[in-house]
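Listed next as structure tokens is one chain, alone, in the form predicted on its own.
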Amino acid sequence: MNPIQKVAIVGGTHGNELTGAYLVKKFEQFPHLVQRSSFNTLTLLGNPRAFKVNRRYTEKDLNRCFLSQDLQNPLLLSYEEQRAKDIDALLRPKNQPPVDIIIDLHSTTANMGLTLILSNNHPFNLQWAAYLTALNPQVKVFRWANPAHDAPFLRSLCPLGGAIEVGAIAQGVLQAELFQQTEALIQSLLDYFEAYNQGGIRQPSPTLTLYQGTETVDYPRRGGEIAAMIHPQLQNRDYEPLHPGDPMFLTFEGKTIVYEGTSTVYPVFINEAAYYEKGIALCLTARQEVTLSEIIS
């Protein structure tokens, strides 16, 4: 892999996720914090209009506007659709080298702690994720179900990088501890990129614990309306095992609905507030141990 020349840090892709937005603002005020000697770091506020009104988006979820066909469609002209095209032009300018790595900063109302969301299976992504988990064992690594498929996320504009997702934190709220933890992750990641460029990279752990997304699960519904809530025994238990027969939902009448799968899974994004509109109550993952030497060789 060639040396890294340009890294993009994006915050506020969702306007009411303030941790990333204000980190970007901090880095814009103090750019030396994210600059390194061997590469340049670009900072970007993803959705300024939504940030100004403290909303996730104004017309359409910006982080669902980056499919290749949508970026090339001149008929898609909502604010977020146009903003996605502008971001694409900035990060992948014509007749100029694109950014090498994108780090998109997000927060969640789910109890996800410090989570790295990988864009794909690229060995370099697995390496830097393993490095960060070795530095901080509380960091978890999540990967969507079809990482090779054309995805609508901002991070999909580049094969290297991903998202940093932190929570639980309410929408439109800043929390100092999560702010500091996210900033520390960014600094460690930039240091890793610098070490890679200078040939002084430290060998990460030989294995990486990876939570591979398998499917999303909607709330039980009746006539299109939600008919049950996340069960109290499941609430806030992101990354903890959910066994067949364990409580999953609780109806308004007090009936427990259990998980009917045939194998143990590890739910994430449990009861995420922003996913109600998307018909997602939680995402199921399979826990995997990835041997880095086999992937890299």
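When you see a residue number, it is the position in the sequence shown, counting from 1. Since the model is a prediction, treat every value here as computed from it, not as a measurement.
Just so you know, the form predicted in complex with a further copy of the same chain exists too; it's not on screen, but the next bit is about it.
Using a 4.5 Å cut-off to a further copy of the same chain in the model of the complex, not one of 38, 120 and 156 places a heavy atom inside that distance. In the model of the complex, a further copy of the same chain sits within 4.5 Å of a heavy atom belonging to residue 172.
Although the partner is absent here, residue 225 lies within 4.5 Å of a further copy of the same chain in the model of the complex, judged by heavy atoms. At a distance threshold of 4.5 angstroms between non-hydrogen atoms, residue 271 is in contact with a further copy of the same chain in the model of the complex. Contact check for residue 235: a heavy atom falls within 4.5 Å of a further copy of the same chain in the model of the complex. The stretch from 26-34, 259-267, 237-245, 65-73 that comes within 4.5 Å of a further copy of the same chain in the model of the complex, counting heavy atoms only, is 26-34. Of the residues 198, 136, 207, 180, just one reaches a further copy of the same chain in the model of the complex with a heavy atom at 4.5 Å or closer; this is 180.
Shown without its partner, the chain has 109 as the single residue in segment 78-117 with a non-hydrogen atom within 4.5 angstroms of a further copy of the same chain in the model of the complex.
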